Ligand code: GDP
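Okay, so here's just one chain, in structure tokens, the form predicted alone.
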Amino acid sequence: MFDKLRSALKALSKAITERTLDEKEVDKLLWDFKVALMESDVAYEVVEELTSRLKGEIVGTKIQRSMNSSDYIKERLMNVVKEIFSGAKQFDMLDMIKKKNALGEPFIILFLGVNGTGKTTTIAKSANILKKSGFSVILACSDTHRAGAIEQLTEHANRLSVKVISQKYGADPAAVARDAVLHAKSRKIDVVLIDTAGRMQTSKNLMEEMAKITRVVNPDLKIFVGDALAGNDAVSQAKEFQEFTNFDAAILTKTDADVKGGAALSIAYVTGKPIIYLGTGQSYDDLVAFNVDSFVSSLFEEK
């Protein structure tokens, strides 16, 4: 995965020679780097930030003959990329759940995102992780608009042996979410996972719907689910959801098929929110915790 972004980073590091680089030389090298980043679906503002920081790192720098110039630039690049992610404060979701449960209350997670990103499947994968971590889980189908949404979530619930709360199509999504929370409180269930609609063609109504659900159930976490293959579209979607819902974290799906890799970097930068999981396949176990150091190192692995 992330082949294009990896290639862009490597190409720049190998272009540096063993001498002091002036600003004109650096600008020429960075122009090709900028183009490569944009072709990797890195958002324009992130491209500008990356190249600006990197330029400050290497203009006028004297690379000693004893140093490998490629390794030197690779190290600078890794640090700059890590700094992009450092603006988003990481957190331990499982620890947050334990603390809320200790108060005798269920932990409520609201999942957001457009249709087609793999949101419902991601909810099922999250339920699988939580069950394996010893938590009891209930699902709420607050997507009462998309045909098949209730059946899809119910099928996942049956496979995972968890309960799902739903009503008929056209029902009030906030009412479904409230019913699930009330059920969780009465049955001492640890976590409520709420599926929602994603009709971007009616974004104003959608955002109002998300706001109503938030007011009614006051979720502990709002998680944006983005499709890594959507590239800059995923970034635009994240921006819009961030503006209207102020979500807390993101999960990126389909990263196993993403050869460009720009979405993760861009979403973390433009929203300032952490990426907590990556979807890496179709099975319930294919949801892995996002680790900044591992992610950045993977961009520079020799292939």
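Small disclaimer: the values here were computed from a predicted structure and weren't measured. Each residue number is its position in the shown sequence, starting from 1.
Keep in mind that the form predicted in complex with the ligand is missing from the display, and what follows is about it.
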item: is_contact(V181, the ligand) in the predicted bound form, heavy atom dist at most 4.5 Å; value: no
item: Contact of V114 with the ligand in the predicted bound form (heavy atom, 4.5 Å); value: yes
item: 4.5 angstroms heavy atom contact with the ligand in the predicted bound form for S166; value: no
item: Proximity of D256 to the ligand in the predicted bound form, heavy atoms at 4.5 Å; value: yes
item: Interface stretch in the predicted bound form with the ligand - options 206-214, 185-193, 98-106, 121-129, non-hydrogen atom within 4.5 Å; value: 121-129
item: Partner contacts in the predicted bound form for 129-163 (non-hydrogen atom within 4.5 angstroms of the ligand); value: R146, Q152
